[in-house]
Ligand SMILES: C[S@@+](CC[C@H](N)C(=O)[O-])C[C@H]1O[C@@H](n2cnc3c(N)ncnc32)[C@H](O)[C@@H]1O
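Here's a solo chain for you in structure tokens, the form predicted on its own.
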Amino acid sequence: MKIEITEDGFETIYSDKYRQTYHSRHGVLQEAEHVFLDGAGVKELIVNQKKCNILEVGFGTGFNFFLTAALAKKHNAELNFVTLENNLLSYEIFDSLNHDQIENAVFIRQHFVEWMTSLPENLKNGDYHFEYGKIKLTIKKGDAVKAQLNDEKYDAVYLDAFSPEQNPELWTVDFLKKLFNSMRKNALMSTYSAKGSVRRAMQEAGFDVIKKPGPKGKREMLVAMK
């Protein structure tokens, strides 16, 4: 595992296990904004609805959460963010990344890192809760396939697992059905992947799926609606 700098200056991590970086080398910020905040309609939800329930598959470096939390803080919105992560990074890694450069996120990240230091070193599987004002984060540590999710709860889903080739269990019809059931009617799920097999699996799981222009470095991405 090593830190790499992407084209927009934000750092990412290369995973030896999955042989991929956690974010696009073309830029961490542009990918997160384009694929997830815009792709899943979260910006509009936070600005207009002032309350948002988000489910994320793959917490990784936490960048999507910090970016979403910064937007919620800016608009004084209530955010309930639930994330599924099997291999939670150490607080030292979170602390070392330059993601405090996200506008309005510096204090959120500082409090998050402090909270991480209070957790046991050998963290068991289970739910871990972090709060900062109106922002609530639940990290469901463990196998995402086995995670317990409430039905019809989430306004948006970030499908940000490692690629279907490297992490196939999180792109199956059965797992996508689980995500489908957890979402409210008309909720959106977005992902950087545009593979035909992923699109067909989403459709079989019950979603209406469209292709959209991808972030820098990718021609297309997928957005699925319940």
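Predicted model only: the values in this text are computed from it and were never measured. Numbering starts at 1 and follows the sequence shown.
Only in words, not in the display: the form predicted in complex with the named molecule, which the text now covers.
Site residues N80, Y132 and Y154 are none of them in contact with the named molecule in the predicted complex, judged by any heavy atom within 4.5 Å. A heavy atom within 4.5 Å of the named molecule in the predicted complex is found for exactly one of T61, Q30, S182, S193: T61.
With the partner omitted from this view, the residue of E44, E165, E169, D174 that lies near the named molecule in the predicted complex is E169 [heavy atom within 4.5 Å]. Contact annotation: Y14 falls outside 4.5 Å of the named molecule in the predicted complex, judged by heavy atom distances.
Contact check for D127: no non-hydrogen atom falls within 4.5 Å of the named molecule in the predicted complex. In the predicted complex, V113 stays away from the named molecule, with no heavy atom inside 4.5 Å. When the named molecule is considered in the predicted complex, D143 lines it closely, a heavy atom lying within 4.5 Å.
The stretch that touches the named molecule in the predicted complex, counting heavy atoms within 4.5 Å, is 156 to 164, out of 182 to 190, 197 to 205, 156 to 164, 45 to 53. Contacts with the named molecule in the predicted complex, taken as any heavy atom within 4.5 Å, map within 11 to 46 to Y18, Y22, H23.
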